[in-house]
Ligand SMILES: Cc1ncc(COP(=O)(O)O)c(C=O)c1O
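Take a look at this single chain, the form predicted on its own, given in structure tokens.
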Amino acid sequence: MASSLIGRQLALFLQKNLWLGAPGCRYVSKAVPQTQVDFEYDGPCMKTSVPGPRSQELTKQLGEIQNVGAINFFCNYEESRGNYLVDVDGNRMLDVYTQISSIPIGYNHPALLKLMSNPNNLSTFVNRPALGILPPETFPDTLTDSLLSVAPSGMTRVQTMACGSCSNENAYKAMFIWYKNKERGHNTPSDEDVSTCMVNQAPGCPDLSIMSFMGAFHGRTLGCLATTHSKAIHKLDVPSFDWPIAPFPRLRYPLEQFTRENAQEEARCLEEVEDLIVKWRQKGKPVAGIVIEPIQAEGGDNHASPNFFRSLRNIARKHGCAFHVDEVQTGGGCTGKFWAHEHWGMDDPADIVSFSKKLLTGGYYHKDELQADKAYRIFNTWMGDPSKNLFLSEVLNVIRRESLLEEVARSGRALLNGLYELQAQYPGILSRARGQGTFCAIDVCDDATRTSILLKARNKGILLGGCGERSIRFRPALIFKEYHVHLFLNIFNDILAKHK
């Protein structure tokens, strides 16, 4: 049954005429250049408001089983293609949010469907091994072809995991283990270490800390929550650690008009970082590691200059802290470089780089000295999924073959320039357009207006997401072309023009 489904989908993808939208469905200015992704629809097509009746029915059904408060609508993934997400009511939307920035080359890409149809890959998809104890024969080569082929500068080791939260959680553990071994001068714990850790007491469970930043989001597991400071709903009622929280720069826009003020703001934040490291050491809770996003995503698409991050890296070195760059949302090419930290221009940017989302699997790269010193210290049952590495290898082939990072840079310029024009046209509604590549955002005057705009956009066939207190974030796939940018801008402009 599975093979017949794959065969049917492949046949559909090889017959482009079958999926081009009906003439009456398109909502796009004639001025938009008609160059599009070969395997997708030619525009949005809306049949009902969203959520439609079928989505509402399914939401009620699922509500008898789970909390459905966050569900937007139900999807028809079989009919979704390229940059377009189709819902169960037949509505076709240009997806500029892509499952919270996690679809690298669009829905149902032919290269990935072809991979699924290869009988040599079936055992990889059917079986999910406990990688830490029983990896498949092909696993070293698979890692070399996929994750290691895009390793950050200075890193040759990678630890796979299943998702972003568990990637960061285990990266924190790696930093703590590294710090304690460095403190001891060896990696052999004492008898007292061993006995006290079993009852959650020092010295076996040391009072170490991880520094994070206001506005950060690193996940929802317990350690990650202690470093997450974007929304109260993530943290409410959950016990946490007494770890230092530094201010993240709040830049003023347009950047070129506030060069002096922004430099002063970044200097203030860096000074506070050093003060907190000293303060927590004096409290008996030394900072073992610093974790930061190259762009604070969930917290509101907050940016800082390359100089800020270079200075922060130097502070970490000065005080003996590991430096962890969380690229879960920014990694994979969306900023125009494969890793957002490449924009900093550093040969040695980090000790640990975590990833997930667009890389389809989770995990973290790390320096040699942060390698786990004993078996089972960094461990869980699955520790990733080899089938996702297989998909990633093909995604990387597509990125290289189609020069998608250059495409992202072009589309990103068009998107950001379009947002600049819209904020100039609607200054009472929009402000602070910002971004790298297609990883862009713009602020709306207030949260209620943002909610209204997002809902209107969805009903016009544009799927967007919010972040922070009042920002709209743009997270398209890497195959989002200038044609799609202009299509979006035309519809978005119509929504803003009619907004009351």
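Residues carry their position along the shown sequence, with the first being 1. If you're wondering where the values come from, they're calculated on a predicted model, not measured in any experiment.
Omitted from view is the form predicted together with this ligand, to which the following refers.
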ask   = this ligand isn't shown here, but in the predicted complex which of I210, V328, A304, L94 has a heavy atom within 4.5 Å of it?
value = V328
The single option of S80, Q423, S165, T142 touching this ligand in the predicted complex, heavy atom within 4.5 Å = S165
ask   = Want to guess which of 377-385, 183-191, 328-336, 117-125 is within 4.5 Å of this ligand in the predicted complex, heavy atoms only?
value = 328-336
message = So in the predicted complex, is this ligand close enough to F217 to count as touching (4.5 Å, heavy atoms)?
response = yes
ask   = Heavy atoms within 4.5 Å of this ligand in the predicted complex: does E293 have any?
value = yes
ask   = Applying a 4.5 Å heavy atom distance criterion, does K358 contact this ligand in the predicted complex?
value = no
